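The chain below stands alone and is given in structure tokens; this is the form predicted on its own.
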Amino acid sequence: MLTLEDLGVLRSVEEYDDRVVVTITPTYSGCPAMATMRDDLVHRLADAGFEAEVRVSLSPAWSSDWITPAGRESLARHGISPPGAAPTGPVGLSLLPTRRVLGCPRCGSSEVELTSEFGPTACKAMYRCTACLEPFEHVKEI
């Protein structure tokens, strides 16, 4: 559905003869998918005949702006609302839900409502389209 490159977590790939060093950045510190991403990279590279080392880099911090246009299209095609532009400059502290401008990935309507700021993973929020009534996940802007 989505490559690590399209998600923007693949930071670098360095090849040394039959050894590859890959650096990835989590979407969030403590992202539970990091172990799976690392294991998948090691297995795929081993299947291709490479010894793999996967490094995790927390700096610079991942930004939803790193998701490629192809990645955004794939998210929408699979019913997940892609993030808008990440905020720039100072961000005020608010305990209210984040106001986002987004559309339903199924019908395209902008008539959506937040049902939970907390989705199945820390990087997603849950919404419901009031036009087609379908629930959907939205990748949060970071």
Partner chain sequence: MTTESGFHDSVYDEDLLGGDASHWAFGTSFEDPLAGVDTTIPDGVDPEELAAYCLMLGDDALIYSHRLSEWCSRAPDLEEDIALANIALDLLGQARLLLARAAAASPAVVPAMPEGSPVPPEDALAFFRPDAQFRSTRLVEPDNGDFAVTIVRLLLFSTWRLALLERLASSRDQVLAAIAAKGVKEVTYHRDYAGRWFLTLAQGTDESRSRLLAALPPVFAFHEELFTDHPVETSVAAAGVGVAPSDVAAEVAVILEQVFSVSGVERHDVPQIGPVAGGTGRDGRHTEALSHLLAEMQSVARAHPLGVW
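Everything quoted here is computed from the prediction, not taken from an experiment. Positions refer to the first chain, counted from 1.
The next section is about a form of this same protein that is not shown, the form predicted in complex with the partner chain.
**Student:** Quick one: in the predicted complex, does every one of 12, 77 and 108 get a heavy atom within 4.5 Å of the partner chain?
**Tutor:** Judged in the predicted complex, none of 12, 77 and 108 sits within 4.5 Å of the partner chain.
**Student:** Give me the residue from 35, 85, 70, 48 that has a heavy atom within 4.5 Å of the partner chain in the predicted complex.
**Tutor:** In short, 35.
**Student:** According to a 4.5 angstroms non-hydrogen atom cut-off, is residue 96 in contact with the partner chain in the predicted complex?
**Tutor:** Residue 96: yes, in contact with the partner chain in the predicted complex.
**Student:** Would residue 26 show up as a contact with the partner chain in the predicted complex if we use heavy atoms at 4.5 Å?
**Tutor:** Because a heavy atom of residue 26 falls inside 4.5 Å of the partner chain in the predicted complex, the answer is yes.
**Student:** Applying a 4.5 Å heavy atom distance criterion, does residue 102 contact the partner chain in the predicted complex?
**Tutor:** So residue 102 does not count as contacting the partner chain.
**Student:** Using 4.5 Å between non-hydrogen atoms, is residue 141 touching the partner chain in the predicted complex?
**Tutor:** Flag for residue 141 set to yes.
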